[in-house]
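First, one chain by itself: the form predicted alone, in structure tokens.
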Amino acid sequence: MAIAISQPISICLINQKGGCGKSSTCFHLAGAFAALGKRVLLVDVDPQGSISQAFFGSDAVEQMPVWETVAALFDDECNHIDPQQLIRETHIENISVLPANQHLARFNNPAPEQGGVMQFALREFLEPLEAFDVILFDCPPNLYQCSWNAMIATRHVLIPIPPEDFGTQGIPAVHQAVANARILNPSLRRLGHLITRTDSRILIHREYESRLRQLYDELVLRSTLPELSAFKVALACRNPVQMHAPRTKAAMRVRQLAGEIIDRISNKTQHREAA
């Protein structure tokens, strides 16, 4: 059984490659934490708005004005932002979303370190909030302002990696970005690499996983998220797999991941306190 921790869990999921499972992992992991009774906030900082659409539908999300999305935090014309209006409850108990859509794209600058006070937009908005036990940031497939803002606002970085060339090529750049973000957020830590979309029947997948574990050792999580149809069916039904099909292998894998994350964060916290 995972050890409970006293402080809120905050994790941003980052990889420069699209299709590596960031949004899917956020979506299903939120369900696993919610099922444990944790109050979860999903912060959508991807202009594609995948997490937002997963809960509210594409039409509704695309029609949201800027002041009803996370883009309002970056827009000087949006004053007096009310968290209760910006953060939306979902149809799943214990899960809320700070939504995003295409309005966010114009703020996703490729030189985030030059963003001045904009670099702290997410952190300043989220720091006063006390209503959530877990905050998950779904980032775009780049290391621009949105991902940078998430790293400044969070405590941990989780890097989803599919076991293939394109998924692993950008790892050093992500590690460097985390190191750079620590200048403004000294508490930021790499939670680890999460192997996603893997199929144990495919030899090259097994070889890549073995290589990743050799290269990064304990930084690679024991838990993996395989390519299972239950994930996609649950997403199509707009329900995390834990709610849609809790007895499936997919739901079990996400529960294992949630437990490992809590254990890792708890151990890191205990080590810091002991030091």
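Please read all numbers here as calculations on a predicted model, not as lab measurements. The numbering used is simple: start at 1 and walk along the sequence shown.
This protein has a second form, the form predicted in complex with a small molecule, left out of what is shown; the following refers to that one.
At the 4.5 Å threshold, heavy atoms of residue 17 reach the small molecule in the model of the complex. Although the partner is absent here, residue 66 is not a contact residue: none of its heavy atoms lies within 4.5 angstroms of the small molecule in the model of the complex. Contact check for residue 141: a non-hydrogen atom falls within 4.5 Å of the small molecule in the model of the complex. In the model of the complex, residue 226 approaches the small molecule with a heavy atom inside 4.5 Å. The partner is absent here, but in the model of the complex a heavy atom of 197, alone among 193, 103, 197, 156, sits within 4.5 Å of the small molecule. 232 is the sole member of 249, 222, 206, 232 with a non-hydrogen atom lying within 4.5 angstroms of the small molecule in the model of the complex. Stretch-level contact check against the small molecule in the model of the complex with heavy atoms at 4.5 Å: of 46 to 54, 30 to 38, 207 to 215, 238 to 246, the positive one is 46 to 54.
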